[in-house]
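Coming up, as structure tokens: structure 1 and structure 2, two forms of one and the same protein chain.
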Structure 1
Amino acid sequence: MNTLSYGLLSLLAQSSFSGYDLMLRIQPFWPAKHSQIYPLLAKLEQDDYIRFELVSQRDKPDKKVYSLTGKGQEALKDWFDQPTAEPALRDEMMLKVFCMSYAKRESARKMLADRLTFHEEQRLKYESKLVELKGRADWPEAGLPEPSHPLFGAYLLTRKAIMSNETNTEWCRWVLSLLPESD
């Protein structure tokens, strides 16, 4: 049982999902390709942490809809009390920034401008996710969900994503302001 395994159980604690759904939903928190997810799900199913139901769809391929077993729920609870690993960020851009004084001005500006766009788009994405969450949930109009609400965690993470993207956007703009166009 590695972190990705617990992550999948964690998503399944909310609701049932297909492998494809899980793959898409875990991306923001733990990047993983379908080629890693599918074998893991098979293993978790074999070890009785999760079970699946075959669902036939019209107009779409059949899918396996996974849900937590009792053992899976127990595993999740135990995991929660284990020490939590520190976050690991890997960002090629930061390595490039390190030697930026040796690069062409326009290369640097382009890299920063691309990253700025990325963070602005991410921010928009998570802001609409927040709206969607507010629609699905039934918390008071003040906008503050109860800690016991199943969507509480998703709300916190969406806010976190928005905050991080705002900060990164601000940083990109600041750096660009220090790098005037040289034409």
Structure 2
Amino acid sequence: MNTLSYGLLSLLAQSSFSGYDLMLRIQPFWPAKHSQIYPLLAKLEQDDYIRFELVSQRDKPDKKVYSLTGKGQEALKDWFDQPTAEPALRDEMMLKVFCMSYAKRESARKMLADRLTFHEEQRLKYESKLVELKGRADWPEAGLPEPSHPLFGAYLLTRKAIMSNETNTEWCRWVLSLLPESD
């Protein structure tokens, strides 16, 4: 199985989802299009890693809601024993920063100011997600979830997003401070 397959199993380990919902939820981790996801779901279902239930909808075709099987749970457990690939970073702005000496000062400042605005908006989303997590009925009363708790991974990733966002925001402000406002 490929990484996207394991990603879909990971999401289904938390809850049942339609193919469309899976496509939306996988994006923060692994950008994928529906043309990739639906054939994988069919293969995972054929191989008994997942199953689906048809849910009728008014004025729409029935939708498939997928859930993880025991075989899918075992596959996830085995996946942790496999080596993890190095992280991939694709950020067009980093390429532009690399050759910033060729940029007009105003263009460079605007690019960084736009990215700073993006990070400030993302911070609000991440903080809202953290509040949402902590407000869930299954959030432990004792404070933080234990490593065996179903929300532990979501908590770790939300905190990572907040911490990365803080670093990226600080970096944008720092670079802007190095660039005079006019040539």
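Here the structure is a predicted model, which is why all the values come from computation and not from measurement. C-alpha atoms forming the largest set that superposes within 1.5 Å between two forms make up the rigid core. For numbering, take structure 1's sequence and count from 1.
One chain, two forms displayed separately, with the form predicted in complex with the DNA being the first of them, structure 1. With a cut-off of 2 Å and the rigid core superposed, Ser128 has a Cα displacement that falls short of the cut-off between structure 1 and structure 2. Once the rigid core is overlaid between structure 1 and structure 2, Ala137 counts among the residues whose Cα shifts by 2 Å or more.
In this overlay on the rigid core, Pro150 has a C-alpha that sits less than 2 Å away from its partner position between structure 1 and structure 2. In the core-aligned comparison between structure 1 and structure 2, the Cα atom of Gln57 sits 3.6 Å away from its counterpart.
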